[in-house]
Every structure is written in structure tokens, then in C-alpha cells.
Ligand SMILES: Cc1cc2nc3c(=O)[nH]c(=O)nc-3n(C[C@H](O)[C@H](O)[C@H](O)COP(=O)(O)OP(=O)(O)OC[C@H]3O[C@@H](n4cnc5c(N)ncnc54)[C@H](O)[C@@H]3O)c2cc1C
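So this first bit is one chain, no partners, the form predicted on its own, shown in C-alpha cells.
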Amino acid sequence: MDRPIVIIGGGVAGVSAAESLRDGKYAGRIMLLSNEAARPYDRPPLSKEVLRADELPANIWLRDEDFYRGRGIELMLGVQAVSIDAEGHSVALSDGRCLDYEKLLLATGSRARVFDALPPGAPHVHYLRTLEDARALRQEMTEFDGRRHLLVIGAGIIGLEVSAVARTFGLEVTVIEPGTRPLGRSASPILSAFLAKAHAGKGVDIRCGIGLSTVEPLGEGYRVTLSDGSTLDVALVLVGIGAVPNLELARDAGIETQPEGIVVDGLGHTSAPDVYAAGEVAFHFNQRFGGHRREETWQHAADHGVHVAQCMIGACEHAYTATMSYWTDQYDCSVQVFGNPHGTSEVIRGDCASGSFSIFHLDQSSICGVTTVNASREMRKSRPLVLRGAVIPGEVIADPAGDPWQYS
């Protein structure tokens, strides 16, 4: 029987897994399913390059058509998996077909968390998760002149990146965030303050500790009342309040899930035989941290997809140990984060006012993470320090003439 390995999900985790299977010399059939009609594409450009330009950027596609053809990866686009028979090793599809599988990888990713008062599909309300979402948002941003007002709900990565692009179109931008600072979950207070100042310098009004109380239609837009009693008349709304794992397919098949995602061990196994999960949808065990985690970063999705695919074919027998990392580009600020940005203390190397600096995050005395702004060379050199939890005197880190990397 020529049962394939079936991968459900056309994001970076699924594509990285398919490539990893071939790199691991797996010679059987590989079928990659995506519910979108477009060839698998990269999501980070959606909130940046795709919004800026009329034409899609050349780097939007995760792989070109020759890649799939040359590696014998069968793409099934515009079709959705509707149910899994874990005992029978089969997947039912939205077009009525049924696929038998040897092994199954769930790389179904996440979807945007919905704000009930501003649901998807409401006029001039946008969520940003797909290529179609990005094109629709760009179209509306370019149709409005600079006097129109964009309300961004949520000061996370998506909200801030879209705000930066919107200012280049001349839109007035207000960002509301119920937390005490931008990027509260994913960045250090120093980086939050730096980016808040950068946005303020470009005319973005970021209001933290503020929620949305009421929404009422007003002409072609909305009048919103905020939790502090103030009101705004806005033409467009972007909702960026996080993501929810697409775990329903697994849950309905009786596979163990938690609100954080599909539960997998350090090798990517779910509770069902021959069924694995990788990427954002996986509530995965990370041996480096000694527990289960869910991560929503591009790098994790790529790394975990590769690792789980190797485990599926017996090419890897060690548990996942990758360290969290992400990047964001806003205006002329290229930010990279590696490791834990929430240490017990922080040491700045360089001058924040110069726009190029590093932040070393310490857990007690050891380095647990590094953040760089326009300092990619320092990031490359600092990663080994994070991985080994190096202990370096703070005065050495902070001294521009010092060499903290000698401790690596």
C-alpha cells in the first residue's frame, strides 16, 4: 500500500516539514494540504511589504513551483480537512474525498482572535492573518486620503507594524492597548519604551491601559468610545489581539488538546498513533525549558516543523530544544530578539538614542536573552552567550570598549 505522509497546513511549519522529510531521505509520497488557493506563502511580509506595494514581493512565496515538483511534494490547494479517523488512518476532505495516510502531521497554525464588537466581515474592519486579508487592508488604506483615521486595537507586533505602514500612507493612527505597555508579552520594557517613542515621533498615538467600550456606525466608519470616556471617529479598524490555535480538527478526532494547542511530546507525537503536530498549533514539550509551551513565532514554526518531520521518519530521537526568537521591522528599526526577554534585570550596550543598541537580559546573573536594534552583528555573536547562560559582569557588557563575547 502506497500510503503517503499527509501534512495538513500550508504555512512555514508544514512546508519546512515536507522539505525536511526529503532531506531525511524519505522516499514515499508526501501530500501537503492547504485550505487556501494560493501556493504556500510567507506571513511576515503581510504586515509590511505586502501592504506597501502594488505588486506582491518576490519573497512572499515560501518555495517556488519547481521546489514542489522537483521534490515530489504533492500540493492540494483550496481543500480543507474536515475530519480525522485516527484509528483508520484516514482524513476526510471538504471536496468529498478521503485520504489514507501512513503518518499525519497537523500543522494547522492559528487564526486571529476575534473581537466580538468588531467581527470579521464588518465594513472597514480588518484582521490580518492571510494574503487575502493583507490585500483587502492595503486596498482600503490606499483608497483613504491622509485625513482619515485608523484605529488599531492591540499594540502587539502586527498592530505596530501595520501602524508604521499606515503612517506612510498619511493615515492618522491611534493604537489602543489594554496592557501597560506595547509588546508587553514579547518584549522588555526598554524595547517597549524605545518603540513607543519611535511611533510617537512618526505621529502614532499609542494609548496603553485603554480598552474599547462601545462601537457605533458613523457614516462609512465608526464612532468608538474608549474605556477612559474619550471618543474617536475612525474610518478603518485593524484588530490585532492575538491568535487562537486551530486545534478543532484534532480535538474532534479525540486527540488530546488544551486551550494552548494540540498536546505533543518532545518528538511531536500526539495522543493518537502516527499523528503528529508542529508549529503554532502545537502545545509542545521543549526539553531546554523542561515543560510544555506554545510559541507563535516564524522561527519556531520552521524549526519545529523540521524537527518533528525528522522524528516522524526515525531520523531524530532527541526532544525539541530550540530557543525562542523573533524579529520585527518598524520604520528604520530592525529588531531581533533571542531567548527570554523578561529577565530579572537588563543591561544596555550602546546608546538607545543612537538607534543602534543591544539589551542583555539577565536571569539573576546569567544571560537568558538578547534584544538588538539595528545591531544584527551583535545578535549573531551573542546567541552562544544565551545558549550557555553565560555569566558576564554587567560593566563588561555595558562598556562599548568591552568584549563580552570572549565569554562564549
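So that there is no doubt, residue numbering starts at 1 and follows the sequence shown. This is a predicted model, so every value here is computed, not measured.
The form predicted in complex with this ligand exists for this protein as well; it is not shown, and the discussion that follows is about that form.
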Item checked: Listed residue (90, 334, 174, 297) with a non-hydrogen atom within 4.5 angstroms of this ligand in the predicted bound form -> 297
Margin query: Just to confirm, with a 4.5 Å cut-off on non-hydrogen atoms, which of 274, 140, 265, 161 contacts this ligand in the predicted bound form?
Written below: 161
Notebook entry, point to check: With a 4.5 Å heavy atom cut-off, would you call residue 48 a contact of this ligand in the predicted bound form?
Noted result: yes
Note to self: residue 118 versus this ligand, in the predicted bound form: is there a non-hydrogen atom within 4.5 Å?
What the structure shows: no
Notebook entry, point to check: Could you tell me if residue 308 has a non-hydrogen atom within 4.5 Å of this ligand in the predicted bound form?
Noted result: no
Next item on the list: Tell me, yes or no, whether residue 372 is in contact with this ligand in the predicted bound form, where a contact means a heavy atom of each within 4.5 Å.
Entry: no
Next item on the list: Decide yes or no: are 183, 188 and 339 jointly within 4.5 Å of this ligand in the predicted bound form, with each residue judged by its heavy atoms?
Entry: no
Next item on the list: Counting only non-hydrogen atoms, choose the one of 265-273, 73-81, 165-173, 198-206 that falls within 4.5 Å of this ligand in the predicted bound form.
Entry: 73-81
Checklist line | Residues in 31-65 close to this ligand in the predicted bound form, defined by a heavy atom within 4.5 Å, in order | finding: 33, 34, 35, 36, 43, 44, 46, 47, 48
